[in-house]
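Only one chain is shown below, in structure tokens, and it's the form predicted alone.
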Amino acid sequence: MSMAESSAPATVQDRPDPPAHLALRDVTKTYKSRRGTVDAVAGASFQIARGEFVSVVGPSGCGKSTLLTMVAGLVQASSGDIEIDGEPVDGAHPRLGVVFQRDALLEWRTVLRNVMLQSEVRGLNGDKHRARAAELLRLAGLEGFDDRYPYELSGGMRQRVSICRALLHEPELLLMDEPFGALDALTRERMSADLLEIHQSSGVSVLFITHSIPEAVLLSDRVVVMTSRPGRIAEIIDIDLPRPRTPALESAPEFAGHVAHVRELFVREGVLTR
């Protein structure tokens, strides 16, 4: 081999891929009870690239939320590996933000102080993050509600406060466990539009749990389809729809095609009927 050949830079194809932002490899979760063991998740494997939006959709009780709590470090996997930027997840990760279905706001704290709770718990600079909290509330359409209390807000507004709180410390990965599940249809559509804007502007990676097929297709770069319990991955579907997206996209034939594809998988699993 000549010197010119040996010193030539590696091609893009030759260079190793960077580690996935989030990687799950053969992850299983089994719970023990007095009646025996319950298999919640079985052999789940997928990755999320930095800045990617990935939804997990499946029937109730299939282990979607269990999967998220394992990624969050709140529950330990029975077997398999979960890594963030190549590092094993071992407890709560400092660069994560988590939003649950219930907003979990503290009723005795104002909107601003609920958002700032993230700063207090993490011991962050108060002045710096107070300014960021105000900006997040403005982006969420909650400007002027800083001193309101949770009981004065609608369900959608409360959930926006919860999302602002999760984003306060500028997480690199946002975990969302059916955050719109308790909302009415119109509020849910508005929240989906807000989340699309947040993802577009922040570039945060998102793992989103839902049982809504259209919601998963609208929001995601890829959709992970899970089977009934024990939750296995039936298929991972690339959603090749252009961004930026709006709820108006739901009327497009391409959107309907993706929804039909996911639905067909559930028909095959016996979860839905034709």
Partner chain sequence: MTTIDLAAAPARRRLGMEHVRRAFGWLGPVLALAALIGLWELAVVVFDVKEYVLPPPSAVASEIVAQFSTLMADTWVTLTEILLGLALTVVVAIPLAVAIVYSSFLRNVFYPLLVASQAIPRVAIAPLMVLWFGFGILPKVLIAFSIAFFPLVVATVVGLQSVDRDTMYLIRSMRATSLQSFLKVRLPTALPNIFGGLKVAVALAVIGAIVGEFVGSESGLGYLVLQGQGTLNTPLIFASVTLMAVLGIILFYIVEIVERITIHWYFAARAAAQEGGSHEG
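Residue numbers count along the first chain shown, from 1. These numbers were taken from a predicted model, which means no experiment stands behind them.
As for the form predicted in complex with its partner chain, it is not shown, yet the points below apply to it.
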Leu24, Phe53 and Gly63 all contacting its partner chain in the model of the complex, non-hydrogen atom within 4.5 Å: no
Contacting member of Leu139, Val89, Leu196, Leu153, with respect to its partner chain in the model of the complex [4.5 Å, heavy atom]: Leu153
Between the options Val98, Val71, Val111, Ala133, which residue brings a heavy atom to within 4.5 Å of its partner chain in the model of the complex? Val98
Exercise: Asp127 in contact with its partner chain in the model of the complex, heavy atom 4.5 Å: no
In the model of the complex, does Ser202 have a heavy atom within 4.5 Å of its partner chain? no
Looking in the model of the complex, any heavy atom of Ser78 within 4.5 Å of its partner chain? no
Should Phe145 be classed as touching its partner chain in the model of the complex when contacts are defined as heavy atoms within 4.5 Å? no
May I ask you to list the residues of 110-125 that have any heavy atom within 4.5 angstroms of its partner chain in the model of the complex, in sequence order? Leu117, Gln118, Glu120, Val121, Arg122
